[in-house]
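The chain that follows stands alone, in the form predicted alone, written as structure tokens.
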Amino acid sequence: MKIGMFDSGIGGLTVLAKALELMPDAEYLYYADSDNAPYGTKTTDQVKEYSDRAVSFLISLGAEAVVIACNTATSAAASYLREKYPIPIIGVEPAVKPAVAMCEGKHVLVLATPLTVREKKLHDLIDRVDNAGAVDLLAMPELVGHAEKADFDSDELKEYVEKTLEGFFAENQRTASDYSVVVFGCTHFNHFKTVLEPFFEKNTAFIDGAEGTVKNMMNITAGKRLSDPADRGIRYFESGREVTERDKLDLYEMLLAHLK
């Protein structure tokens, strides 16, 4: 089984890490669209174009299913891609439903990119599962840039997180203690759990949609042949160019290890 995954950059490694844990007997093609990152500040039409290019490329390499390992691209392009291509296209969505189920009368904070926050897809999801008005949305666009630089703990990053959260709390008359669940609505954001945790209560849960996405992929691809052992592993591509440099491959492996 050859599975393609794409994201605007390293964010989709969140989903890849979970796939390697739950589906180790597959061959993975990981496409980071680094030439066009970040997606979250682009228009819907631009993200559709980039996503179409990524899926076409992955299929040309033999991908039998493609995971949109990017919340923004899922919101903007999933329906379009499923209509265009005959293979399974699996998207990733913010884990809003489980978050609402576990929030215990408090609030849920969904952190995402500006485009995901604007898109109707996320608002429709919230309307379906949140009858009590528990879910708040906060765009944090600069986190993607920090992730792409592998900056997970700099003073600049911490200042951005503090300023953004404090501004949001003040504007919406909330405090950190109002939230029992924080949802990573962008796959890049998982890398910042340790930076975000000090700004919330100790028992606050942080969740994402990676496991649900991989389990959905497992259901859709059930019964497909497994990859030959010699082929299992990962090939990385950046906007269509295969990554062969040892330092870049080491960076991807380091980032995967960071998610365990």
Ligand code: DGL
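Just so it is clear, the structure is predicted and the values come from calculations on it, not from any experiment. Start at 1 and count along the sequence shown; that's the residue number.
The same protein also exists as the form predicted in complex with ligand DGL; that form is not shown, yet it is the one meant from here on.
Visitor: Would you classify residue 89 as touching ligand DGL in the predicted complex, given a 4.5 Å non-hydrogen atom cut-off?
Guide: So residue 89 does not count as contacting ligand DGL.
Visitor: How about residue 144: is it within 4.5 Å of ligand DGL in the predicted complex, going by heavy atoms?
Guide: Output for residue 144 is yes: heavy atoms within 4.5 Å of ligand DGL.
Visitor: So in the predicted complex, does any heavy atom of residue 209 sit within 4.5 Å of ligand DGL?
Guide: Result no; residue 209 lies far from ligand DGL in the predicted complex.
Visitor: With ligand DGL left out here, work out from 165-173, 97-105, 130-138, 68-76 which stretch has heavy atoms within 4.5 Å of it in the predicted complex.
Guide: It is 68-76 that comes within 4.5 Å of the partner.
Visitor: Residue by residue through 151-166, which ones have a non-hydrogen atom no more than 4.5 angstroms from ligand DGL in the predicted complex?
Guide: Result: empty, none.
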